[in-house]
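In the form predicted on its own, a lone chain appears below as structure tokens.
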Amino acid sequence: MSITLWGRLSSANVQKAVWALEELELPYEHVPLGGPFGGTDTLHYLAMNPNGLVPTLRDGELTIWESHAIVRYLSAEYGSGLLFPMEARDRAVVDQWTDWTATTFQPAWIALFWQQVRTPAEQHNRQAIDKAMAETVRCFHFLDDRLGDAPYLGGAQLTYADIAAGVAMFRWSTMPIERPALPNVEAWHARLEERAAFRKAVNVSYAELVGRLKF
């Protein structure tokens, strides 16, 4: 087994892959790429990832891009019974929340992060910020309801659904915004914080991104 991960550690999508790798205690080589490191438009990288984004993961002869595909693969290949439920019925719930994160939750909180943090202060659009905040809060209330029924999104234990959604928590909890009370989300966040893999992968400074729309 020889795993290599390409991407900048301040990328939320790269953080998902790092979290999964660390959670599963897999040895891997990390190659900084994208953002201040550049390199996503080189022929070498585009041959691996024609989308030209991060992350990309190579495991032996297999090369994968798209963060959720990477996390699902690592969970299935190395975390069956851990991050990857063995029963199809249990996996369906995990996939449900993972796909909801991809289609609804992440677009909302990423839009808020871009409007509030990455956009220079002098270019802030209050209407756009308020719209993104309202949609993000709506999603968090949805999560809060779920987490009132189970400690993790997939049920009783951590799964790749928590990795997909949980990368939002460092930015959500540190952005200069007023956050509503979300007791179940806050308890979930506290459980995630107990995990060394979460702290290493997700609690990463985004100072290089503040007030910067592009590199």
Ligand SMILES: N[C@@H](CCC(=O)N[C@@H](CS)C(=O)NCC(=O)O)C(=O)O
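Given the structure is predicted, the values throughout are model-derived calculations rather than measurements. Residue numbers run from 1 along the displayed sequence.
The following text describes the form predicted in complex with the named molecule, which does not appear among the structures shown.
Residue contact with the named molecule in the predicted complex: residue 12 places a heavy atom within 4.5 Å of it. When contacts are judged by a 4.5 Å heavy atom cut-off, residue 54 counts as touching the named molecule in the predicted complex.
Contact check for residue 67: a non-hydrogen atom falls within 4.5 Å of the named molecule in the predicted complex. The shortest heavy atom separation between residue 166 and the named molecule in the predicted complex exceeds 4.5 Å. The candidate stretches are 183 to 191, 54 to 62, 149 to 157, 22 to 30, and the one lying within 4.5 Å of the named molecule in the predicted complex by heavy atoms is 54 to 62. Contacts of stretch 200 to 215 with the named molecule in the predicted complex, defined by any heavy atom lying within 4.5 Å, are made by 215 alone.
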